[in-house]
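Single chain ahead, by itself, as structure tokens, in the form predicted alone.
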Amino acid sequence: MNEPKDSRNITEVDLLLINGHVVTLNDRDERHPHGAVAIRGEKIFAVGSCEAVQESVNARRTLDVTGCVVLPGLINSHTHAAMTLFRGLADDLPLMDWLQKHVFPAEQKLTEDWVYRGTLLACAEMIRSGTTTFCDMYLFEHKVAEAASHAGMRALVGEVLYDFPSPNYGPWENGLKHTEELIRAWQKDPLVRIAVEPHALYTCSPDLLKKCFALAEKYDVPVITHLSETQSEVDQILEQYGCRPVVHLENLGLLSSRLIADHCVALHESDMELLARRSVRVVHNPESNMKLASGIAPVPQLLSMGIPVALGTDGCASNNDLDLFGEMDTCAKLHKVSSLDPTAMPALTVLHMATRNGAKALGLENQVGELSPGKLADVIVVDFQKPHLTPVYDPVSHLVYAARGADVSHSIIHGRVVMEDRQLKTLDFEEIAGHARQFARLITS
């Protein structure tokens, strides 16, 4: 017979997940095959064996996740969320042709309302595939922030800044003002943060880059840019400034721990040493880089130098989905075949890229990325009761090499259940999909 709980040592919690295989991804890589996670408010209260956790709490609500794996929510560290509206619009093209002949012209038809609706579509896709945090760079980012907030997603977002006029704010001077207004407007929000986001070195003058970093320093926020994405970009910067992109930023005094550098494909050893010395954070986007034939980023070398490399999908126009489970699988296999080394990029390393490293890259390492008491409750549940996930010798192996976004059954962000049994709780997918189809008719008319 079960002993009654001692009420003096019992804590009331809001949600209790029981009977799952809990993969904490904490510093000790603790796992609890018959485990539980207790959530109180927006934070994780307890993690451990079912018996130990259940003895210490009374839960207002309990979810039995037998046969499932419980882990931290995935972090998509580089997206252009509203580009869900351009999914499949222009495929099988080089980066510059794709950008200049198709994407930039199509974006001229965008309005803030369409960016809002396209971002809602992205949020629906990400929640349903286990992503709880995303980092975004696009136009009309005030609407991206609103969409993320509406969906209940954690996000780091920023208006893309160029030398040339934007469909949103016009000349770049206005873009800096717009970004500053965004920072002020969202400073106290629990889910949404703002970054300063110059597009790339080939679209931003040294003067604009310096002003972006000055604004970021003023408010202590990150700077995000595309960096060394292709060899043609490196060649262009070499011709224009007489040095490689990483060195160009160093010469401007802008290479620092404030910087989140997306892609970093075309790097020399000296570039990597500079990135490591300046504590720059890097985001790897393998599927987009493959599809656009940009090359293969030297991720194993970057990781060996202590650089926190996170994982991103890039936008749906160059991927063409936002499923980080697929991205993990691709990442692991790409680096094995490119190095002809089957031991390269082990499953746990890649899972860390999509969780802990993502949190560190976005400056959220004290809040999310692992299941530990006191961390914010961003938690996903993956249903392992599937043919392609049976039997289970190592759940981490399955998460990277066999699981799919469609296997996620529950998603919890900031302690709030945003998807339960595959049903979205914060978004109406049918309405969102209808608007996306309407935009497709507009863009092709």
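The model shown is predicted, which means the values in this text are computed figures rather than measured ones. Start at 1 with the first residue shown and count on from there. Each form is matched to the other, and the largest set of C-alpha atoms that superpose within 1.5 Å is called the rigid core.
From this point on, the text means the form predicted together with another copy of the chain, which you will not see here.
Exercise: residue 239 in contact with another copy of the chain in the model of the complex, heavy atom 4.5 Å: Judged by the heavy-atom cut-off of 4.5 Å, residue 239 is well away from another copy of the chain in the model of the complex.
4.5 Å heavy atom contact, residue 52 to another copy of the chain in the model of the complex: Residue 52 lies outside the contact set for another copy of the chain.
Contact test in the model of the complex: residue 189 vs another copy of the chain, heavy atoms, 4.5 Å: Looking in the model of the complex, residue contacts with another copy of the chain do not include residue 189, since no heavy atom lies within 4.5 Å.
is_contact(residue 333, another copy of the chain) in the model of the complex, heavy atom dist at most 4.5 Å: Yes.
Among the candidates 185, 337, 243, 214, the residue which, in the model of the complex, approaches another copy of the chain to within 4.5 Å (heavy atoms): The residue in contact is 337.
328, 259, 345, 161 - the one with a heavy atom within 4.5 Å of another copy of the chain in the model of the complex: In short, 345.
Another copy of the chain in the model of the complex: contacted by all of 280, 408 and 417, heavy atom 4.5 Å: No, the whole trio is out of contact, none within 4.5 Å by any heavy atom.
In the model of the complex, segment of 202-210, 166-174, 215-223, 78-86 with a heavy atom within 4.5 Å of another copy of the chain: Looking at the partner contacts, the answer comes out as 78-86.
Neighbours of another copy of the chain in the model of the complex among 87-124 [non-hydrogen atom within 4.5 angstroms]: Contacts from 87-124: 87, 88, 89, 91, 92, 93, 94, 95, 121, 124.
Cα displacement of residue 102 between the shown form and the other one reaching 2 Å, rigid core superposed: It does shift by 2 Å or more.
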